[in-house]
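First, one chain by itself: the form predicted alone, in structure tokens.
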């Protein structure tokens, strides 16, 4: 969960999110170095009175400031493409769960357990227990196992939605008439929160996502649902 005055990203719960955080730090360091360099050059130009006539026709300098940005872009692009392909990689998932977006709630279907289906609505403030998070708690959480590859099949029945849980590194659009898929492997048990990340109407802010991750051995005994 994010907390007040937080500057960084949420703690990673999946290998994909760990890769995303590492890439964020990598790109942020490059951007910071470029910014400091440009700031230093600008301040030097504005404060010094010295001039150098040798740079008026310097082919070497032009070559450097043409090749150097290309190298920097490659250093950013290659890790980005690697992560992009990793997010699309789905290898032999152990479980498949279908998520259907509605205005304004989610429906979950456990296809590996006889097609078990239930809806997940946001809890109104009057039904919250002490410690529950306002606008983030739901009546029925989606229960998922850890240390096992899980495939999420995501679609919508009415308008565009987006199934998003930041700490898992997941954000997949729910499109009417189209079935998108994503996969993840959670590494830590816990309760993780997300929200619809696609503007979907008047109550877009009121369709949260709550995933409860439990150990695989407990999940294999039979799904534990908060129905």
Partner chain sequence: MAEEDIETKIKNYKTAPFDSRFPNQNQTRNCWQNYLDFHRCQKAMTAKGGNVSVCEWYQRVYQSLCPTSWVTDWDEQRAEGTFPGKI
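Residue numbers count along the first chain shown, from 1. If you superpose the two forms and keep the largest set of C-alpha atoms that fall within 1.5 Å, you have the rigid core. Values in this document were obtained by computation on a predicted structure and should not be read as measured data.
This next part talks about the form predicted in complex with its partner chain, which is not shown.
- In summary, the region of this chain contacting its partner chain in the model of the complex, judged by heavy atoms within 4.5 Å and restricted to 36 to 44, 176 to 184, 193 to 201, 64 to 72, corresponds to 176 to 184.
- Here is the short version: of 84, 133, 90, 78, the single residue with a heavy atom within 4.5 Å of its partner chain in the model of the complex is 90.
- The shortest heavy atom separation between residue 128 and its partner chain in the model of the complex exceeds 4.5 Å.
- Put simply, residue 142 is far from its partner chain in the model of the complex: not one heavy atom of it is within 4.5 Å.
- Contact check for residue 153: a heavy atom falls within 4.5 Å of its partner chain in the model of the complex.
- Using a 4.5 angstroms limit between non-hydrogen atoms, residue 96 touches its partner chain in the model of the complex.
- Contacts between stretch 110 to 125 and its partner chain, counted in the model of the complex as any heavy atom lying within 4.5 Å, involve 111, 112, 113, 117, listed in sequence order.
- Annotation for residue 90: C-alpha shift of 2 angstroms or more between this form and the one not shown, rigid core superposed.
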